[in-house]
Each structure stands twice: as C-alpha cells, then as structure tokens.
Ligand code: GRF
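Take a look at this one chain, the form predicted on its own, written out in structure tokens.
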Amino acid sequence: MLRIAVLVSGGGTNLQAIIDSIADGRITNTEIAAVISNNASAYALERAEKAGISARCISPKSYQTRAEFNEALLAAVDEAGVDLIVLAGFLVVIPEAMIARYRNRIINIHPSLIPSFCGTGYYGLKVHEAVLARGVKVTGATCHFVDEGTDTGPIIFQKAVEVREGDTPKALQRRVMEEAEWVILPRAIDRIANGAVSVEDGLVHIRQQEA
C-alpha cells in the first residue's frame, strides 16, 4: 500500500480529485496518510477533515526563519511515514533536504505543457494568463517528479487541452483542471503505487498496464 502525503496551499481541487479517485478505484493500492498546508485558511484542510484524513497546517509565519520552517515541514512528512509526496498546488519552495531525502518520490502537477509556461513566476492563474497573452492554441498539464529546479524534474505524464476562442484565464484554468490535471495526477499516483514507474538517466519509464 502506497502511503502518500498531499501538500496544498489553497482550495484543494487536486486533493479532492485524488480522494475521489481512490474512492472510485482509479487510484489503487494507495492511501492518503497526511495532508499538509502552509495556509491555515486553506479549504483543502476542510476537504481532508471531511474525508477523515489527518490534516495539519505548518506555516512559515510560525517560525522565525525559513530554515526552521523547512525543518518542521520535513519532520512532519517524515512523521507521516509516507512513500510519496504529492504537491497539489503547494506554493512553497520545497527544501533541498526534502528533495534529497525523497529523491524521485515527490511529484508535482503543473498547469501547462512543460517546458512551456513554467519555471519561476508561472503558477496558478498566471500560467493561463500567459497562455492567452501569447495566443497559443493548445495548452494542458504536466505531472512530473520534483528536483532542485523549478518545474525541471523528469516528466511522467502530459495531457493537452485546446484553447478556445473567447477563453478567460479562469475558464481556461477550470478546463485544464477538469480535462488534464484531474486525469493525469491520479493516473501517475496509481502507476507509481503499482510499481510501474521508474526513473533512469533523468527520464521516466512507465510499464504498460496489463490487460
């Protein structure tokens, strides 16, 4: 059984997608051991509590230095005894010590087709605003492992989403979530939980599901 910690900062729509996918069998052999947020008012914490999942807030505001916060965050993940860390809209830089300890065991969902519209400054609605400003016709989402860079880790899955005439950033954001993020993030967790994902020389290899 794969034990996962889901790290969130806001509403927790991707967390809900994971909860629902475990419930309906799209994610197998997996349990959410902990939900951690840096934001005490994050609705994601309520979603976790409603689902009977252990949830807690670890806020940088509670610590004098970022180093102390980083230590507390890593300690909370360690205490949960997890096999995989899932960043589901977590707007905090992951400590390098955590990346090193959980090498190729941290995944993130990003709302664009990496390497487009990613890196420093591209998060949340800003990604979709940039997509529309550039006039691209296809966007999407990427699920990838986390390394020391920003959105630079090995790619697990990508899914394209059409940009429509008259799209607003919020409308596009919603469609990317529904058509891509909520599809590929659960799929990635399920494949990892069933031992079908490996990383070699910076590239992800995925064993096909058996019929």
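Here the structure is a predicted model, which means the values were calculated and not measured. Residue numbers here begin at 1 and follow the sequence given.
One more form of this protein exists, namely the form predicted together with this ligand; it is left out here, but the text below deals with it.
Shown alone, this chain has one stretch from 129-137, 74-82, 106-114, 93-101 that lies within 4.5 Å of this ligand in the predicted complex by heavy atoms: 106-114.
A single residue from the set V146, I155, M177, L45 has any heavy atom within 4.5 angstroms of this ligand in the predicted complex; that residue is M177.
This ligand in the predicted complex comes within 4.5 Å of a heavy atom belonging to A88. Shown alone here, S21 lies farther than 4.5 Å from this ligand in the predicted complex, counting heavy atoms only. If you take 35-73 and check each residue for a heavy atom within 4.5 Å of this ligand in the predicted complex, you get nothing at all.
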